[in-house]
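Only one chain is shown below, in structure tokens, and it's the form predicted on its own.
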């Protein structure tokens, strides 16, 4: 949460909106923000923290743990048409790397801007090598891209 809050302005510049969802009540969210997150990020969390106490959102996104009555930590990139383009679910001991989320958003935006005429290989960064999907690329990716080309 704090990492996302810290880079929220960068996400906003990309046209991204962030909504945090958990089974905690809005009272717990407020206490967590006021007593911990504000100590990690100036001003605390600038985006909406939604309460899903019944687990309905968690069930819809496949992150609800029925036995424990909790939602697993997930990150979903949803395009402007409401289609989930990427999903990542991790257990609590391991956090996500926000730079990778930002890179993926940029990649999906590039694919959308080119109407699918370009694809991003593994490790692609803005300005990096893109691939032009089509029959000519089949069996020839090695001629235009190698894993060592990107970060």
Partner chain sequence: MSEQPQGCARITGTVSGATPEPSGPEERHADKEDVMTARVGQKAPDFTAPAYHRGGFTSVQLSSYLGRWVLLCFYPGDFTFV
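Positions refer to the first chain, counted from 1. All values reported here derive from a predicted model rather than from experimental measurement.
Just so you know, the form predicted together with the partner chain exists too; it's not on screen, but the next bit is about it.
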Using a 4.5 Å cut on heavy atoms, which of 116, 123, 95, 126 is close to the partner chain in the predicted complex? 95
So, in the predicted complex, is residue 36 in contact with the partner chain at a 4.5 angstroms heavy atom limit? yes
Examine residue 29 and determine whether its closest non-hydrogen atom to the partner chain in the predicted complex is within 4.5 angstroms. yes
Verify the contact flag for residue 99: yes if a non-hydrogen atom of it lies within 4.5 Å of a non-hydrogen atom of the partner chain in the predicted complex, no if not. no
I'd like to know if residue 19 sits close to the partner chain in the predicted complex, meaning any non-hydrogen atom pair within 4.5 angstroms. yes
Establish, in the predicted complex, whether 103, 130 and 149 all lie within 4.5 Å of the partner chain, using non-hydrogen atoms for the distance. no
